[in-house]
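Next comes just one chain, in structure tokens: the form predicted alone.
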Amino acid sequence: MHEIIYFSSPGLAESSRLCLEFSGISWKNTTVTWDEYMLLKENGDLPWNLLPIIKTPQGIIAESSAILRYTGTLAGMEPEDLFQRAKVDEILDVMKGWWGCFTPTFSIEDLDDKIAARKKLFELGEPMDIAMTALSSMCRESGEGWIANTPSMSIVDIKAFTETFMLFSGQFDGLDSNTITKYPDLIKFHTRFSNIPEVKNYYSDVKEDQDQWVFKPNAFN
């Protein structure tokens, strides 16, 4: 049995949760509160004092990137071709840099200033607009229909789906579903991906007040 432990939000665990859903193996999704996280930390149950972690039959794996590659391999989403695998990793690394420019907004204490800073990131030519535009181009130009132009879905498609659309769930002050509408190729990618049977089934019971509503078909229609 595999068990992912993280908070209830999509966050850094959602891509790996979805990989496990695709894998078809038996797994458990354990969500914790902040107090429960602190207890895990105090008890020494977290290798690097951070979540998410995944418990495997062989032991615990920490760090979201490592967990994604592990669960992606279980799901058969790591390309066998070395070049294709490197291209997947390349895009994952670039995406990590994109989202990194969003992180400093969490430390802005004044709410109006925080909202203004986040909105500015999506203005024409600003870092998150550049990121969304680049991701749109990869979706549009892929001959195979997958972001890294792999023959089948890879972990970068999972990561792009969960971490891109999570931004517009309403959980981040200053961003909402209207922000994504100026990137039609991303909306097309969302439509295609959210209607994959495994994805559609996994989110079928999600309520409108849960952050994961953005992963359901027609979320942005």
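Start at 1 with the first residue shown and count on from there. Values in this document were obtained by computation on a predicted structure and should not be read as measured data.
Not on display, but discussed next: the form predicted in complex with a small molecule.
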{"item": "Candidate site W34, Y37 and L50: all three near the small molecule in the model of the complex by heavy atom within 4.5 Å", "value": "yes"}
{"item": "Residue among K41, K55, R192, K182 with a heavy atom within 4.5 Å of the small molecule in the model of the complex", "value": "K41"}
{"item": "Contact segment among 184-192, 171-179, 150-158, 56-64, judged by heavy atoms lying within 4.5 Å of the small molecule in the model of the complex", "value": "56-64"}
{"item": "Residue contact check: Y6 to the small molecule in the model of the complex, 4.5 Å heavy atom", "value": "yes"}
{"item": "L12: touches the small molecule in the model of the complex, heavy atom cutoff 4.5 angstroms", "value": "yes"}
